Structure formats: structure tokens, C-alpha cells
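For reference, the chain that follows is the form predicted on its own, supplied as C-alpha cells.
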Amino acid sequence: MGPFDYTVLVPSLPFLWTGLQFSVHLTLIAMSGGIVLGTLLALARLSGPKPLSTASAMYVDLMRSIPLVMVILWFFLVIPLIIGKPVGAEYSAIITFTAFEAAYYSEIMRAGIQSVSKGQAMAGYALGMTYGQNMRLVVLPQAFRNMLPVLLTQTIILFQDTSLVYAIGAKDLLKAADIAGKNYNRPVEMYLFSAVIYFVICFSLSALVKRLQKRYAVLR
């Protein structure tokens, strides 16, 4: 292996920055879309018609029972055969992550909705609110507040999982480190540096989650 050569870190920064941008971009899109879709799945599962509730439960159970990397590969390889044209690694990653993470956010939001006192919902109905108004103005805001630390924890896991798009060639942080390592013939340094970046970001977000947990524990 030879001694470490840290001088390659500076010229590799443009590669790593581009990869980090895509990883963060993918995380934010999958988080936003996953929370929205997951909330709809949770509502359908809790109070939707029986067929819709069953379909939502089946979707969540299916996604949570399959490894993410398999879902990524299936979508990337099978969907082009169905529609007759390639989707692209980046778009495949965005669609797959959003659909996959929705199942996990759905369970988090379902627990959050169930954690809100039924008296709160009954008070909303007593004021003449419809089901939609009650959910939008009374139940969901409290559910989001109760589940915020858990939602952020799942987002940290999501950011770590973005490295799996390496399997389909999307240029995330890990792929960028691999390219830089090959270009400068220093793969060990590049993988180590990318690991440090993952650690710093995830550790910082974990510290934020702990602070939020303490804050909400005091509020309760």
C-alpha cells in the first residue's frame, strides 16, 4: 500500500463536491417525497376504505421486506425494458428512493398520528371541522412534532443509503471518491476521506436529533 498521500485530497475536492451535492440532493428529494407519500399511505391505512387500507399495508410490507439495493437494481434494469427506453441512473435513484422511503416514513407517521390524543380529534369535530380540516390543522401538526426526531433519524439513514446508487453508476459521493481514487491511483485515501465526510455529516445530524429529543422531552 505504501504511505498515505494526503496531497491528492485537494485536487480531488471537485469530484467529491459534485458527488456530495448529488447525495444531498437525492436525500432531500427522497425525504420530501417520502414524507408526503408516506403520510398519505398512513392516512389510507388508518382511516381509508378497506381496499385502500389493505393496498397501503401491502405496499408498506412489500417495500420493508426487500433490500433497497435490489429495488434500485430492479427499477434500473426492468423499467427500461417495459417502457422501451433508458431511465438514467439519477432519475432511477430519485424515483426508487422516494418510493422505498415512503414505506418507512409511513410507519413513522402512522405511529405519530396514533400518538395524538383522540380527544384532540374529537375537539376538532366538535368545532365543526371536517375530517380533512381536522387532520390538516389538529392531528398532523402534532404528529409531525412528536415524530420529528424519528423522521430526522430516518433521514440520516437515508443519507447513508444513498451510497447504494453506486451499484447503478450514479455519481454520488462514494462513486466520486471511486473516480478520484482511480484518477490519482490513490483509492485508499479517497475512500477514507469520503468515510470521514459521511461521519461528520451523520454525526452532526445525530447531535441535532439528540438536542431535539431533549427539547421535546422538556415540552412534554
Partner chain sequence: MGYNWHWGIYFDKIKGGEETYLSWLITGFGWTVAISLCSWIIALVLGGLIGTVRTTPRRWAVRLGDAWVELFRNIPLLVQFFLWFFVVPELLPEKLSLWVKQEMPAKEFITATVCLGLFTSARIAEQVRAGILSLPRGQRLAGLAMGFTLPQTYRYVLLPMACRIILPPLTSEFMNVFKNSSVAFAIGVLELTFQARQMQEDSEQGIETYLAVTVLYFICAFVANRMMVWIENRTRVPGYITAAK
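Please read all numbers here as calculations on a predicted model, not as lab measurements. Residue numbers count along the first chain shown, from 1.
What follows is about the form predicted in complex with the partner chain, which we do not show.
K.L.:
If the criterion is a non-hydrogen atom within 4.5 angstroms, does every one of 28, 36 and 111 touch the partner chain in the predicted bound form?
P.N.:
Answer is no for this spot.
K.L.:
Does the partner chain get within 4.5 angstroms of any non-hydrogen atom of residue 166 in the predicted bound form?
P.N.:
Judged by the heavy-atom cut-off of 4.5 Å, residue 166 is in contact with the partner chain in the predicted bound form.
K.L.:
Flag residue 185 as yes or no: does it have a non-hydrogen atom within 4.5 angstroms of any non-hydrogen atom of the partner chain in the predicted bound form?
P.N.:
No, residue 185 sits far enough from the partner chain in the predicted bound form that none of its heavy atoms falls within 4.5 Å.
K.L.:
Using a 4.5 Å heavy atom cut-off, state whether residue 81 contacts the partner chain in the predicted bound form.
P.N.:
It does: once the partner chain is placed as it appears in the predicted bound form, residue 81 has a heavy atom within 4.5 Å of it.
K.L.:
Please run the contact check for residue 49 against the partner chain in the predicted bound form: heavy atoms, 4.5 angstroms, yes or no?
P.N.:
Residue-level check for residue 49: no, no contact with the partner chain.
K.L.:
Taking the partner chain in the predicted bound form, which residues of 63 to 78 have any heavy atom within 4.5 Å of it?
P.N.:
64, 65, 66, 67, 69, 70, 73, 74, 77 sit within 4.5 Å of the partner.
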